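In structure tokens, one chain follows: the form predicted on its own.
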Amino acid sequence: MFAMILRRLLVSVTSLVLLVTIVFFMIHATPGGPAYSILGMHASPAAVAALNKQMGLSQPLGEQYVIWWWHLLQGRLGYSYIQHTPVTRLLRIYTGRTLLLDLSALGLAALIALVVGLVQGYLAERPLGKVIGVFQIVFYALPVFFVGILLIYILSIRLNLFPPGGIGHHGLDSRLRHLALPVFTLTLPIAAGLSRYFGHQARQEYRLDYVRTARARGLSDLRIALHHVLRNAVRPFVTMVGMMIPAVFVGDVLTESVFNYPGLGWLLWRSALDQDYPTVSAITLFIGVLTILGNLLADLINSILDVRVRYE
């Protein structure tokens, strides 16, 4: 098991190095360089040269790359010349809101997926199981922005059940009501994808001999589902949840934009429109690191749940 953990760590470190390197060269690949992106394409050469010197962009590229790593290790992610504040301060302000949204959506999606997947696996050869599969495809294919706008129209404008956007500032009840629609919008496609995958895993388990043996012993369908099928099918499901983390962050950009929810996705969208490349690169790095850590954690949990790995 120690060798497996070491392999996972090496893969994660390699992915992190590649991520940092790609983001570094993406910044320098912008038309005219970062200085022109900040000052505008009509800026004078003198102003561009002064800003390049201030940002350390007049040094050789290799030296800039080393300095880039040194700053990252110190937690220095650059300065937003659009919002006139260090990027680390922006991350502190917006990260908590996005993590609350993402963890709520991912947790709810995983719970829904487990329940729906077990039912679908049990009813795989029946008409209801096929109907569930059709709905999974439809909900997974629906664009996030379309689902968000539809929920705003029905639940906010027509029924006046939830606020159409924002985060709320008047107590826990207000914050939860403002959070409800973004969470459900983000949950729907994730739950559809996860439940379809878990339904396939559960269907494979229901076909194995040990399930038939359990039924012959008189165990109820509920006990078989919870104590046997769920336990064996959940291991690859945990890995799949980790693999969905990038999709969650992509959904953040659209969801937070539709609901005017001030999180990292909203900040990334606004920074891209303003060509605030220090903020865009910092958010990209931050999301990438969280994705790598999430996949690593999912792999480790899956290995712990898999008894065979403990004896490797």
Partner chain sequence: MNEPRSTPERRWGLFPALHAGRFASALRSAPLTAAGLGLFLFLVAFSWLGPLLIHTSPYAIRPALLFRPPSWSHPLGTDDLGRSFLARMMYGGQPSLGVAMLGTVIAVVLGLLYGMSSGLSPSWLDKVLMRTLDAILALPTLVLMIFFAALVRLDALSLILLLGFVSWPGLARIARNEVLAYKQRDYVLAARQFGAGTGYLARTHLLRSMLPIVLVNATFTVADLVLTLAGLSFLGLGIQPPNPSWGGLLGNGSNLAIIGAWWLILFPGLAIVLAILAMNMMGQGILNRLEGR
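Everything numeric in this text was worked out from a predicted model, so none of it was measured. Residue numbers count along the first chain shown, from 1.
Beyond the structure shown, there is the form predicted in complex with the partner chain, which is absent from this document and is the topic of what follows.
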**Asked** Taking the shortest heavy atom distance, is R196 within 4.5 Å of the partner chain in the predicted bound form?
**Response** yes
**Asked** Taking the shortest heavy atom distance, is H169 within 4.5 Å of the partner chain in the predicted bound form?
**Response** no
**4.5 Å heavy atom contact, Q64 to the partner chain in the predicted bound form** = no
**Prompt:** Can any non-hydrogen atom of A298 be found within 4.5 angstroms of the partner chain in the predicted bound form?
**Reply:** no
**Prompt:** Which one, 75-83, 106-114, 146-154, 92-100, holds residues whose non-hydrogen atoms are within 4.5 Å of the partner chain in the predicted bound form?
**Reply:** 146-154
**Prompt:** Has each of L176, A180 and V183 got a heavy atom lying within 4.5 angstroms of the partner chain in the predicted bound form?
**Reply:** no
**Request:** Output the sequence-ordered list of residues from 270-285 with at least one heavy atom within 4.5 Å of the partner chain in the predicted bound form.
**Result:** A272, L273, Q275, Y277, V280, S281, T284
